[in-house]
Structures are given as C-alpha cells and as structure tokens.
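This document starts with one chain, in the form predicted alone, laid out as structure tokens.
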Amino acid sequence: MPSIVVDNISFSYGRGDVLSSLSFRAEGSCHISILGSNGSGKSTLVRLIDGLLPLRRGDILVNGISVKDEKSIREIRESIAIIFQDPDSQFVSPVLEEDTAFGPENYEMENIDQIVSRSLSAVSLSDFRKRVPQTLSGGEKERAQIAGALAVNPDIVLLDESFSMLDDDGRKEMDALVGDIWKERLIISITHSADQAINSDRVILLSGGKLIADGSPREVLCSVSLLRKADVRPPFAVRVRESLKERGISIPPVLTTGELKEVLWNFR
C-alpha cells in the first residue's frame, strides 16, 4: 500500500521557515489535495517528498523509506511520478515516443516499446508518437506528461499545479483522466485553487508553511473563515452562497455548482 508520512518537518531556504512543524499521513488509494496560496510551502513539500531538496529537520517516509537515506533515494524516486506545472520544462527528447520511454529506460525496465505503446494509448496519443512534443497543443502536452508518468508505473503521483495552464474544461478533462488511470494509486495534488480541490477525497490546507486544516472537501472548502485565513479564494458555489447571505438570502450549505443549481432551482 503506497504511503507518505510527513513527520514534524521544517524547512528554510535561509530566511525563516517555508514549512514549519508540518505533519500528516497519506496512504492507500486516495486523492489528496494540498491547498494553499503562493508562498505557503506547497511546491517545497513536493520537492522534499521526492528528495529533490535536502531535509534537515523532521522526517518524511515514502513507502516506509526515509528521504534522508541517500542510499535509498533512487528507490523512492522509482515509486513516485511528478507532473509539474509547465509541460515544456519536462520534455527531454525531440520525439514523443522517446520522451515517453525516457523513464522506463532510466529505470532499466523491460519491454519498453510495449510500455510506451500502452501509455500513449491510455491518453489517446497513439497517433502522435513521432511528433515533436513542443508542437502539441496545451491539452496534448498535458496528456504527454501523463503518459510519461504512467510509463514508470508509480505507486504515488504528485501533481504540482499540473493543469493550471489549461482552461476550466481542460483541467476537468485532465483531472478525470488522472482519476481514471490511477484509481489504485496515491495521488497528491498541489493547488492554489479551491475549485480544483473539490473532487479530492481529502484536503490539507496550508498557510505560512503550517497545516491549519485537514479534512474532507466539504469540511475544509465550505469554511470561508479557514480559507480566508489561508488567503485562498472559496469555491464558486461557496462564494455565491456568501454573496446571497450578505443580501439577506439564506440557502443551505453548498460545495459544487451542481448543488448550487439544485438549491437555486428549488428556492422559494
């Protein structure tokens, strides 16, 4: 069972802590959103989990292995796939099929051509395997990133503001694709958007490098006071409810636009 244990970690780039006394546990097949404004420490946390930054205070265990164990860092990275915000920054080969094969080749996996074919097919890019990645559309580039991550068969998938450059429809499409492909994996999404965290199983809210809330999307995202404390804009439906409340119109708590539409349709 995939797992990440963050045990009382703090981290600084030199001036004050970016993360401070942070602890949480994530395990099993679930989708967790780590939500916070710019500067809350979200991206730093991703890099610490993958061993890209040296951890001095506290510990992080990935599948039971400490990121401080330099001899095991390769094993940790083989179990994790990271998809960053800018797809162009992650392409390493001039041809899509070669880019998709990069991870499996680096990890000395067998049957690489089959892995590449399977991965590109899963994201509907089979007809693009000879294309130059930079010539793909924004959505196709995101699919290519997913194919590269899928090819290494990770236990854990880290999405660091991965689809923020797409429009709402594009983000929803990619989120659905990720959820469908990695149903039995631990997915951690880093985001500053409360709307993008709605469909998670769990939301961890950061502010100033500290954990200030950890619960279901409804528990965390419907709390306007908590989100304001973290300088995060509430989801659209929650904002509409608050706006109506300020005008003296009271409706039941809502989280999604679907719930909002139903409540307004039946409103008397």
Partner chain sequence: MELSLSHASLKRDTFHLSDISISIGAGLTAITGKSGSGKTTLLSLLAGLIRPDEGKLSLDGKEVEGLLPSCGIIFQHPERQLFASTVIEDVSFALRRSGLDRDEIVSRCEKVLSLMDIGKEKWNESPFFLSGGERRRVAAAGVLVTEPSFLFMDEPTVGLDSASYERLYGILDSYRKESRCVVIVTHDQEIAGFADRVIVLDDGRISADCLPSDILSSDIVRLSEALGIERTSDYNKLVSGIEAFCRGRKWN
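Positions refer to the first chain, counted from 1. Here the structure is a predicted model, which means the values were calculated and not measured.
Not on display, but discussed next: the form predicted in complex with its partner chain.
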TODO: Would you kindly say which of 72, 79, 126, 164 lies with a heavy atom within 4.5 Å of its partner chain in the predicted complex?
DONE: 164
- [ ] Report the residue, out of 224, 212, 53, 240, that has at least one non-hydrogen atom within 4.5 angstroms of its partner chain in the predicted complex.
- [x] 240
Open item on the list: Would you classify residue 39 as touching its partner chain in the predicted complex, given a 4.5 Å non-hydrogen atom cut-off?
Closed with: yes
Open item on the list: Is residue 232 near its partner chain? Define near as a heavy atom within 4.5 Å, in the predicted complex.
Closed with: yes
Open item on the list: Test of understanding: in the predicted complex, would residue 180 fall inside 4.5 Å of its partner chain by heavy atoms?
Closed with: no
Open item on the list: I'd like to know whether residue 8 contacts its partner chain in the predicted complex, with contact meaning heavy atoms within 4.5 angstroms.
Closed with: no
- [ ] Among 201-209, 31-39, 214-222, 62-70, mark the stretch whose residues have heavy atoms within 4.5 Å of its partner chain in the predicted complex.
- [x] 31-39
Task: Stretch 73-88: residues contacting its partner chain in the predicted complex, 4.5 Å heavy atom cut-off - done: 85, 86, 88
